[in-house]
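Consider the single chain below, provided in C-alpha cells and representing the form predicted on its own.
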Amino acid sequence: MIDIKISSEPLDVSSCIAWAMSPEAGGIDVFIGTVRNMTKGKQVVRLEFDAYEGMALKEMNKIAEDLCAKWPVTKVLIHHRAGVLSVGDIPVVIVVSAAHRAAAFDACRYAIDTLKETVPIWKKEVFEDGEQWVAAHP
C-alpha cells in the first residue's frame, strides 16, 4: 500500500505512523524532516516550498513503487508540505513498514534521498538579511 500527498496544511506525524501500522510489519522506520534555525551560520526566519504538484506526485509515487520493488515492504507513506513553514515545522514525513527492520531502514533512506534528487519541490530559505532558492541536496 502506498500513500502519497502534498499538502499546504501541517503534516500529522501520529496519523502517518498509525496508517503504516500493520500486523505483517515487524518494524516501522520514520523520517521526519524539520525546519532548522540555522543554515551555514545564517539565522533562518522561514522556508518556502513550491511544488510542481502533478509532476511531484508522480515522482513521489514512482519512488514508492521503486522501493516496493527493491525491498519487501508492507506500506510506504510520503507526505510533503508546500507553502511557508516556520522554524520547527515539518516539511516532510516518510514512513515505511516492513516485516524486518533492515528493509524498513533501507527503503526509508532511499525514499528521502531520491525525493531530494528527483521530485520537483523547490525550497527558498529566508534569512534575517535576505533569501535564496537552494538546491534540494545538502
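Numbering starts at 1 and runs along the sequence shown. Because the structure is a prediction, the values reported are computed rather than measured.
If you look for the form predicted together with another copy of the chain, you will not find it shown, but the lines that follow are about it.
Comment: another copy of the chain is not present in this chain, but in the predicted bound form one of L77, I90, A82, L67 has a heavy atom within 4.5 Å of it, namely I90. Mapping the unseen interface onto this chain, P72 falls outside it, with no heavy atom inside 4.5 Å of another copy of the chain in the predicted bound form. By the criterion of a heavy atom within 4.5 Å, N61 is excluded from the residues contacting another copy of the chain in the predicted bound form. Taking the partner from elsewhere, L11 is found to have every heavy atom lying beyond 4.5 Å of another copy of the chain in the predicted bound form. By the criterion of a heavy atom within 4.5 Å, V45 is excluded from the residues contacting another copy of the chain in the predicted bound form.
Residues of 104-119 that come within 4.5 Å of another copy of the chain in the predicted bound form, judged by any heavy atom, are F105, D106, C108, R109, I112, D113, K116 in sequence order.
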